[in-house]
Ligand SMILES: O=C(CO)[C@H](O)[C@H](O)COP(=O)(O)O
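What follows is a single chain, given as structure tokens, in the form predicted on its own.
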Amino acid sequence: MRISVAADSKDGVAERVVAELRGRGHEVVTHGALNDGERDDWAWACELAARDVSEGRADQAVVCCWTGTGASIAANKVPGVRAALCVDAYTADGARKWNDANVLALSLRLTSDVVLAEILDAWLAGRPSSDAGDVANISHLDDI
């Protein structure tokens, strides 16, 4: 899978996200502080990763900032993106299942290496629900 990763700094798990994904066999495209040629502010970096998803250059994205909040807000501004700020595996699994989330937002400050691995396990294994109500909710997002 091709995954776009953005971070506004190399603090916390930013570089570990890239290493984890590459170690799991994914092709990783980097933005922001993870790419020397780009602006590293969270709004710009996370927009680029989200646009990779919305424009088909990436299957999914992981966006990171100190709290994860700004990263998720920036990504969700891009049409077709459903970014979810996840602090644990349960939230990541639910975001994939019930929200068909295609962008994972993480806090650089709060995410430990152990929790990161658990979140990525759940996120990457997660699949969207085929329940009619869940599908209707996702479809409705495009109408909002």
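These numbers were taken from a predicted model, which means no experiment stands behind them. We number the residues from 1 along the sequence you see.
Note that the form predicted together with this ligand isn't included here; everything after this is about it.
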### Message
Contact with this ligand in the model of the complex for Thr91, defined as at least one heavy atom pair within 4.5 Å: yes or no?
### Response
no
### Query
Is Thr69 one of the residues lying within 4.5 Å of this ligand in the model of the complex, judged by heavy atom distances?
yes
**Asked** Applying a 4.5 Å heavy atom distance criterion, does Val103 contact this ligand in the model of the complex?
**Response** no
inquiry  = I'd like to know whether Val62 contacts this ligand in the model of the complex, with contact meaning heavy atoms within 4.5 angstroms.
reply    = no
Across 41 to 62, the residues having a non-hydrogen atom within 4.5 Å of this ligand in the model of the complex turn out to be Trp42
